[in-house]
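First comes one chain, alone, set out as structure tokens in the form predicted on its own.
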């Protein structure tokens, strides 16, 4: 492999313990790989060149671990991190696997389940803070319904808001400096999940008591499952200062949640995402929430992880080429030329601008007949990606 595509700490590539730790189980088949301990996974990620790793609370500490077992696991994990130099930028809570959460966690109809979810999350926030995490992600994998007869959609949103307000206050009371990031998904594992898109999450955040503390964690697959453009969701979150974290993988639109290797399905979409992140100078982790194919052994898992990072770096290089390509930039300059010198009439409203606009005559037919060269622009983009420019 070319050295220019080797991951470095400054690239901030991270993986979840649940990603490289996947044993290949699916709804129709048993595991195909042996489970690895968190310490083993730290060393695997160090071997492939990752910057850091992230975990759900129970990825690291089994839900039924005793206090003595917990302390041992934490001690060994810290030692592995120190030995390898890996860091933990993000942590989260598993509020979807155990049967207790079969009808949701923060939105459950049962107040005892909601209380337990808060308890579990506070303990997990403590754990994340102990390892220096800067972002705490909330994915409501069971916050939804199969039938609207079971819950009030309005009451569920109130319960979700109440839980997040509670946890924001806990974060402040403990003196932690964690940012909270909400992760949207349209469906699966429930029939319908609440707040199914990044845009829905952004609207919801503004209703929270500490909205300044809460942003989003968009995921490629979750937007593409419902046929949406992931880069547009990321751009919207960035525009309002709420892009606190993001999950990179790939997904065929309309399918189940596939979590494929980054860039392995929608290469052009991946390119424009990487280009956006690099153009705006996104400072956060490039976190890969994906899994190796079920066909793979341990070496295949390493190839998967290396492939995610290598593809990102290749696309980063292609974005630089695109930005420097004279023909591409010439077309863009022409598209954005103010041929009729009307730019001074746009932007911030004034009564003078409004009057001038109302009085101005526009040649609607000429404007409609103008060719925009988008076919050529898109073809040039493909040629950059195919390496023939």
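Positions refer to the first chain, counted from 1. These numbers come from a predicted model, not from an experiment.
Another form exists, predicted in complex with 5-thio-alpha-D-glucopyranose; not displayed. Remarks below refer to it.
Using a 4.5 angstroms heavy atom cutoff to 5-thio-alpha-D-glucopyranose in the model of the complex, none of 114, 166 and 210 count as contacting.
Proximity of residue 96 to 5-thio-alpha-D-glucopyranose in the model of the complex falls within the 4.5 Å heavy atom cutoff. Interface membership of residue 289, defined by any non-hydrogen atom within 4.5 Å of 5-thio-alpha-D-glucopyranose in the model of the complex, is confirmed. Contact annotation: residue 219 falls within 4.5 Å of 5-thio-alpha-D-glucopyranose in the model of the complex, judged by heavy atom distances. Heavy atoms of residue 92 reach within 4.5 Å of 5-thio-alpha-D-glucopyranose in the model of the complex, making it an interface residue. Residue 257 is the only one of 296, 278, 257, 162 with a heavy atom lying within 4.5 Å of 5-thio-alpha-D-glucopyranose in the model of the complex. The contact with 5-thio-alpha-D-glucopyranose in the model of the complex, taken as any heavy atom within 4.5 Å, belongs to 139 out of 230, 139, 312, 77. This chain is displayed without 5-thio-alpha-D-glucopyranose, yet in the model of the complex the stretch 219-227 from 125-133, 167-175, 219-227, 78-86 comes within 4.5 Å of it by heavy atoms.
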